[in-house]
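Here you get one chain, nothing else, as structure tokens; it is the form predicted on its own.
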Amino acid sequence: MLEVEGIHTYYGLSHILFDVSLRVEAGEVVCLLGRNGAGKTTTLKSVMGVTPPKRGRIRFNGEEIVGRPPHVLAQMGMGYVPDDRRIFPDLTVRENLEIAAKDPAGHRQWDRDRVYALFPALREKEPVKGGHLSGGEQKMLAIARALMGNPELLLLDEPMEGLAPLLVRALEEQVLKLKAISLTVLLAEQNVHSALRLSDRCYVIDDGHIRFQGSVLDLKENEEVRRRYLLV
């Protein structure tokens, strides 16, 4: 579904990503692991068109997408949940969801009732403004809002960051439910243990370079990679 081939991405004159390649097959959950500043967020922004790469290729469902703006990629079937959530603080939970609703080609799968079934806490908070939600509730709302666009591919940037362990496990359960219905997910995460519980395959990025790719079992058995690049 997603093929990233040899991309180089810059912030101004600063070279951030170096020849990054990865792939995500339909129905997979693939994690991109790395420490702060390793290049995880820039990789997702490159895919979503927020920070387009200067070199390299990105294909979504076989179609070249480098240079296309984020709203076009959303219409094509990508959903993006940034690490800073970016919900609308002055809109209620319901309004945040309704503003993102999209019914692609009449095949809508996600609506308010379905996202409330996935995140029951949001149903209880439906009339509450986004800015008054807890950090965990805002992350749930950000994911639910992305699902309202009925994406084929969901990009999740650091969904576990800053959450208490109990909330991490609750969010893991929701991602596993998405996996069970074969929604394709690319997950950028620092929380190695959480990410490996959710994923089929993994990549490790450090200093803008992909340092490892393989199965979850491969990474669990590779102590050198985990110690050198993930501090675990």
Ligand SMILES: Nc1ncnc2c1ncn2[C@@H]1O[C@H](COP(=O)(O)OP(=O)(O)OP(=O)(O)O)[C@@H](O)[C@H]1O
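Don't overthink the numbering: it's just position in the shown sequence, from 1. What you see is a predicted model, and the numbers here were worked out from it, not measured in a lab.
FYI, the form predicted in complex with this ligand isn't displayed, but the following is about it.
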{"property": "This ligand contact at Gln190 in the model of the complex, heavy atom, 4.5 Å", "result": "yes"}
{"property": "Residue contact check: Gly37 to this ligand in the model of the complex, 4.5 Å heavy atom", "result": "yes"}
{"property": "Asp111, heavy atom within 4.5 angstroms of this ligand in the model of the complex", "result": "no"}
{"property": "Heavy atom of Ile16 within 4.5 Å of this ligand in the model of the complex", "result": "yes"}
{"property": "Position in contact with this ligand when the complex is considered in the model of the complex, options Asp83, Glu137, Glu95, Glu152, heavy atoms within 4.5 Å", "result": "Asp83"}
{"property": "Residue stretch of 23 to 31, 38 to 46, 195 to 203, 66 to 74 approaching this ligand in the model of the complex, non-hydrogen atom distance within 4.5 Å", "result": "38 to 46"}
{"property": "Heavy atom within 4.5 Å of this ligand in the model of the complex - qualifying residues of 154 to 189", "result": "Glu158"}
